[in-house]
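Just one chain follows, in the form predicted on its own, and it is written as structure tokens.
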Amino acid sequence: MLNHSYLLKDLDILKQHLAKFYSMVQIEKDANGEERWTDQSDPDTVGLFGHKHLPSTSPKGFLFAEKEALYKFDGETFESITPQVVPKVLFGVQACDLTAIAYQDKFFKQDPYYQKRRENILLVGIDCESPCTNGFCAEVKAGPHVNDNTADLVVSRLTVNGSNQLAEWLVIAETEKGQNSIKGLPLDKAHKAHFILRNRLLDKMRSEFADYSYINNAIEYLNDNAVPQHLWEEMSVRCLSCSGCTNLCPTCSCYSTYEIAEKQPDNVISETKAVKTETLRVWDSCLFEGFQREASGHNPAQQAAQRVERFWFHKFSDEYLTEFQRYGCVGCGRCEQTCPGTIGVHSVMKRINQECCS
């Protein structure tokens, strides 16, 4: 790692260099003042980085498209529709969202549409410098500093004696793609002392998180099947099935498909000519009543309580550790921020902890 670590005075130098080879995607404020990931950003535009600028939406949509065409059928043969992509650099991705992308990489390992986008994306991660609102990444091992093997490049701001005075940016190339992306940049080599400082800043930051012990307590109760059914029923009444939590969750991957038939001219009799169709994939939500409904009409999650329990089981069950090597929650807190029914992660885990402790 030390052999591929460097020092940089100004991140704009790195941005300008990468913009020669990649379309820039970074966090900016839109016309309404809302912070969001902006595609085809002007590299001269000042991006927003760090814990204070965790957008309500994650970069999930740049890899797992919210809506995309999969294939078309002309009446006789099927033809896949390959995504048309250009190389992009996601610049300044926080640790929680990088961990979520690594999670999605495993889920969509065999998905050619996801993989086509993924192979054309360079991930530049950034270490957070203090806890963000609602964030508990440290509790679920998703941050606050970028985890190994979740980004191509990692940038970490090093400070002098704990002050806000900027010393340098530590730049770590974690992959061959990351190493190749910075070829030609005049960079000084980093030394062991810079990593010691980075780790010291990480330890300091971890001490600044609020007490989220109730989350780990609730995880234990959930995996012990100790959560009483009446609690799921009470919480499910608050679920409006708005899909806000699943849309904003960076690890949620539920989807549905549907067909669009080519409109036939009025003078064409459909029996004499095959109808051409296009199949599309769109984001879906396991909290929708019809998501698990089978063709027979049977629905194994017809009751809202079943769906809410299933959702949180998927986020924190030990059963998925073998497949994904981690929980399906990365501690970003977006569900708590968006839920109008107040059953985001903090509210739910607090209720479970209180109920099961009493």
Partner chain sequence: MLQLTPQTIRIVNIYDDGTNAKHFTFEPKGFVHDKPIGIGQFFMLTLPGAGLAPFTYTSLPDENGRFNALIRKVGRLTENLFSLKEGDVLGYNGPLGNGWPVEQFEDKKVLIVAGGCGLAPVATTIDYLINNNRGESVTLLYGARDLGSQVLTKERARWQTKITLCETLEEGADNAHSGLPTQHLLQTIKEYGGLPSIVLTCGPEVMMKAVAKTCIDSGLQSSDVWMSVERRMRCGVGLCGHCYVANSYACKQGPAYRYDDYLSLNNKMVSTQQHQGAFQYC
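Numbering follows the first chain given and starts at 1. Keep in mind that what you see is a predicted model, and the values were worked out from it rather than measured. By rigid core we mean the largest C-alpha set that fits within 1.5 Å across both forms.
One more form of this protein should be noted, the form predicted together with the partner chain, which is absent from this view; the next part is about it.
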| query | finding |
| --- | --- |
| 4.5 Å heavy atom contact, Val227 and the partner chain in the predicted bound form | yes |
| is_contact(Phe209, the partner chain) in the predicted bound form, heavy atom dist at most 4.5 Å | no |
| is_contact(Ala193, the partner chain) in the predicted bound form, heavy atom dist at most 4.5 Å | no |
| In the predicted bound form, Arg281 touching the partner chain (heavy atom, 4.5 Å) | yes |
| One stretch from 144-152, 242-250, 184-192, 111-119 that, in the predicted bound form, holds residues within 4.5 Å of the partner chain by heavy atom | 111-119 |
| Residue (of Asn199, Ser256, Ser130, Gln179) lying close to the partner chain in the predicted bound form, criterion heavy atoms within 4.5 Å | Ser256 |
| Asp30, Gly33 and Tyr214 all contacting the partner chain in the predicted bound form, non-hydrogen atom within 4.5 Å | no |
| Stretch 61-86: residues contacting the partner chain in the predicted bound form, 4.5 Å heavy atom cut-off | Leu70, Tyr71, Phe73, Gly75, Glu76, Thr77, Phe78, Glu79, Ser80 |
| CA of Thr322, rigid core aligned, shift of 2 Å or more between this form and the one not shown | no |
